[in-house]
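Below you will find one chain, with nothing else, as structure tokens; this is the form predicted on its own, and questions on how it binds or moves follow later.
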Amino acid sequence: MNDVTDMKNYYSLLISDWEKAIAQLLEDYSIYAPIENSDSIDYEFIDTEHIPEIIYNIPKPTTPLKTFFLPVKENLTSQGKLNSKRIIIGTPNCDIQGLGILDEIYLDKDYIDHAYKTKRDKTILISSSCFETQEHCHCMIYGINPYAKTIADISLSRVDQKVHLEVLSDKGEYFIQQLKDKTAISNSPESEIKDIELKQSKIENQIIADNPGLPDYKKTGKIVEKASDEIWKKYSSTCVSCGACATICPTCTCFLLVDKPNFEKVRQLDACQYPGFERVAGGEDALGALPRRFQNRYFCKYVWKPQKFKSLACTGCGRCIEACIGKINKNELFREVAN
């Protein structure tokens, strides 16, 4: 947990002042935040009318954060750069940590993806601590807290009629300076910081209690390697190859680069669960069989990516379980193989 003696990084203001400040920030930024619709919570473009509807401290928007930086379809040559600065509010830490591996891939010093970098540079990320949990949340099992301490610029916690903002980066400090120019803001009292930490600790314990027997990230890689062919056949039997698990995942990042007339290049989201994902011109397809495609995704996340990257390729958000048409629960698979 955060050391409450480091109070200089915590600022607070009344929710009414926060909402007025957001309205003023709309003059300089495009702002996105989670809004509750009829049956889901998802990011929406915010105008003054939507500000009071913003959802805080509840997991998790349907759409993963990655779509702000890797759109489903993007013309890399004719769309130009992202012109406006933007603020994304209310992102849970499972999504924030998902950017870790995307940053490693797309901001590699030898192969910087400039379209991705431009979006990252012009975005202020205000993460939201989770004060609730959902059925398939399992971030803590993989060592990810339900509140941000890295990658995000600000960690936000709303308690009663106050908003508390913990600064996590230089961009976060710059954001606080902008707030100070627009409204009354002060350092959070130690007692209120402790209250936030108690709420965070309660959710940590709840997530652990809700996932008995689920192996951690490193152990999962080992059991994936030893899983029999029968396991992959069993759990892939209801898979319809829709690719929902990969497209909604905050860390899956496969894409096609399509050449268009006039030397245009279009990057389009792809998924290893699609038939023909590895099919080559001669017709050969190493992942032609459904169980092989199904197995490939788990090897990618838990075996191959850890060999190459420091960041986790699964952040325990549970979206793949929720989105699966075939009702496949990867955590049930892992528990079965672990036992």
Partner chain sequence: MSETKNIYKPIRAKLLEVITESPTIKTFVMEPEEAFSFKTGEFIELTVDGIGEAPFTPSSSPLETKQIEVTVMKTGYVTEYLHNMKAGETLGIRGPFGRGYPVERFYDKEVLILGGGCGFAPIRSLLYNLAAISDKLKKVTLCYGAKTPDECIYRPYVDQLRNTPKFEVHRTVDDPDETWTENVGVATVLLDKININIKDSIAVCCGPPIMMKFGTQKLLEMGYPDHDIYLSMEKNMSCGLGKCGHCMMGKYFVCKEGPVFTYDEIKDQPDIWS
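Just so it is clear, the structure is predicted and the values come from calculations on it, not from any experiment. Numbering follows the first chain given and starts at 1.
There is another form of this protein, the form predicted in complex with the partner chain, and it is not shown here; the text below is about that form.
K.L.:
Examine residue 77 and determine whether its closest non-hydrogen atom to the partner chain in the predicted bound form is within 4.5 angstroms.
P.N.:
It does: once the partner chain is placed as it appears in the predicted bound form, residue 77 has a heavy atom within 4.5 Å of it.
K.L.:
Check residue 279 for me: does it contact the partner chain in the predicted bound form (non-hydrogen atoms, 4.5 angstroms)?
P.N.:
It does: once the partner chain is placed as it appears in the predicted bound form, residue 279 has a heavy atom within 4.5 Å of it.
K.L.:
Against the partner chain in the predicted bound form, would residue 310 count as a contact residue? Criterion: heavy atoms within 4.5 Å.
P.N.:
No, residue 310 stays farther than 4.5 Å from the partner chain in the predicted bound form.
K.L.:
Even though the partner isn't displayed, in the predicted bound form is residue 108 close enough to the partner chain, meaning a heavy atom within 4.5 Å?
P.N.:
Flag for residue 108 set to yes.
K.L.:
Since exactly one of 113, 197, 204, 132 fits, which has a heavy atom within 4.5 Å of the partner chain in the predicted bound form?
P.N.:
The residue in contact is 113.
K.L.:
Among 51, 55, 300, 26, which has any heavy atom within 4.5 Å of the partner chain in the predicted bound form?
P.N.:
By the 4.5 Å criterion, the partner-contacting residue is 300.
K.L.:
Counting only heavy atoms and a 4.5 Å cutoff, which of 189 to 197, 213 to 221, 240 to 248, 100 to 108 contacts the partner chain in the predicted bound form?
P.N.:
In short, 100 to 108.
K.L.:
Mind listing which residues of 282 to 299 have a heavy atom within 4.5 Å of the partner chain in the predicted bound form?
P.N.:
Read in sequence order, the residues that approach the partner chain (within 4.5 Å, in the predicted bound form) are 284, 286, 292.
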